[in-house]
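First, one chain by itself: the form predicted on its own, in structure tokens.
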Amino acid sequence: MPYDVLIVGAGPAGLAAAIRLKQLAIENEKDISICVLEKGAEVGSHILSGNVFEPRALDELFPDWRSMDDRPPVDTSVKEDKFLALTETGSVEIPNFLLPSQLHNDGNYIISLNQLVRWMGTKAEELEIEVFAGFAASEVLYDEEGAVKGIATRDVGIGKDGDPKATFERGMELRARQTLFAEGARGSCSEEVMEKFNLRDGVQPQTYGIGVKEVWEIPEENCNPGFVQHTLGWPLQHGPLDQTFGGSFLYHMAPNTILIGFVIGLDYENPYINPYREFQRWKHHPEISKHLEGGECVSYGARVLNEGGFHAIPKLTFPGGALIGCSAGFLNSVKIKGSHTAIKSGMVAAEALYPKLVEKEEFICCESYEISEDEKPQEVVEYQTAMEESWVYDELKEVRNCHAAFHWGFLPGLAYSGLAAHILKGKEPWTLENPTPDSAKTKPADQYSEIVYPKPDGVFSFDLLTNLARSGTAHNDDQPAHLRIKDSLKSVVDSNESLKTYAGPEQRFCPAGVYEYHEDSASGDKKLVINAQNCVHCKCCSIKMPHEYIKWTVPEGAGGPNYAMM
């Protein structure tokens, strides 16, 4: 199936790119064919974010969104902004004037990002953009000269034994003049093209955080719509020089919803840290539990997020396509926001691509219903230039060294972030280096004591499998596991290096209980078991495994979580 533009991922970046392309085509009385491919069962079903939303990019994409009859679900404006440093039993409020200006939320909104994305999906379809949900892009297609020419969707109806079943259907080839990868953080196709075209040469390794989130419904009289609270300190940081990066969020959204979550940088060193259980015990702090009194947890999910910022942004373009949104890493970890930068990057890509697509009318796909053999895949370098000149780069440059400063410790990192935000503004003549990936930051277990976490009480805290059911996660059980041990690293698993050296951190960092060690009844040795059916597609295992021994591939389309309010 040929298209002028193929977009992999129906998140905020991918849909913004598609919509902006169509807007430009309509303004210029042209037509171009656009396809958006989404592996989730529905648009939005794999989308998870905090989310305090900055509307700057939405204002640019839909200047009249506030007056639309079918306006987007962006209703709860921020009214109160609080930042706390927690101790185990108490807290200290940090005055807003001491906080980085990027943390101030005046004019922002508390939203569900997957509801906003669903709305954007309807806007795309109204513009006659083809949006295919439930189809997973499993293979990048290249032409004879190595340029990207599209993707292939995954074959379906293959059993665990690798043989076709009665339901077997061959995947489709979707070919395009330009392919935009908008898969979000650590997308499998995006990682492939970055490696093939050496897009990460000369930049720092991307570093990530794992975010775990719950949605609670509380009595309406207890809800304070517009209330925003962030915390640092307990339970992650117990002293001023603790190096574990992370914190929490708690947002009240009208009419009776609380969005709560916990983010931990995956550059943590202690292999006994369990992000999910840190999140569960955090909820028992009096500054948190008081908000949840009388409420009910209705949804759970998890997702990794890019935290490398300015220094980890790869080259954005290559022959036949480009990276947009969190596939490229535009999240601002100091601001704790990335939706606005994702939308803006999709728009910038669209504005760079459009003139190239219509330059020669004989090459336009929707005119000829085929891709001309006379057109060579272009590398639209204008997108890279336009992004570097955009407010996205300005914003990220201001806080370019902040995350790395936390490697000195909690208090020095906080102090440096304040200095950078108020005075330096990214103009400091030095760069704080981050030379190693997150997987290499984990230290041997014999340097630490095992962490004993409190048992969940079933009121504020829950065991993992109970919460996992709230994510709506489902996969066809009779299919090959999409979480695969890399052939070149099978020795890591065979030697039990992860268990022997690091006490098997995959048992703890996975927020879905995918990885377990079971004792072999014959040998007495412990063997790794991969419960791929539990996977919430967070991508954490592809990042934090020792030596990155897991290759994350896509399962059959429509598999995974089914988020409704995330």
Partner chain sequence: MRVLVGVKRVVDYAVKVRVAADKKAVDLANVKMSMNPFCEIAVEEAVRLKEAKKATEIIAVSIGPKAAAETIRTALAMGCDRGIHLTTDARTDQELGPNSVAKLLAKVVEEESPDAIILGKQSIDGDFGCTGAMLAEHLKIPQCTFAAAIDFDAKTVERETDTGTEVVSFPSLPAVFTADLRLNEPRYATLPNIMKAKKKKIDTKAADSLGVELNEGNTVLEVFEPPPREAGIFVDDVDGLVDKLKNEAGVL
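All figures in this text were calculated on a predicted structure; none of them were measured in a lab. Numbering follows the first chain given and starts at 1.
Below: the form predicted in complex with the partner chain, not depicted.
The contact with the partner chain in the predicted bound form, taken as any heavy atom within 4.5 Å, belongs to 298 out of 298, 241, 489, 459. Taking a 4.5 Å heavy atom cutoff to the partner chain in the predicted bound form, the contact residue among 172, 485, 127, 254 is 172. Although the partner is absent here, residue 556 is a contact residue: one of its heavy atoms lies within 4.5 angstroms of the partner chain in the predicted bound form. The partner chain is not drawn, but in the predicted bound form it has no heavy atom within 4.5 Å of residue 160. The closest heavy atom approach of residue 472 to the partner chain in the predicted bound form falls within 4.5 Å.
Among heavy atoms of residue 41, some come within 4.5 Å of the partner chain in the predicted bound form. No residue of the trio 141, 197 and 317 has any heavy atom within 4.5 Å of the partner chain in the predicted bound form. Segments offered: 520 to 528, 33 to 41, 504 to 512, 53 to 61. Contacting the partner chain in the predicted bound form at heavy atom distances within 4.5 Å is 33 to 41. Residues 556, 562, 564, 565 are the members of 551 to 566 with a non-hydrogen atom no more than 4.5 angstroms from the partner chain in the predicted bound form.
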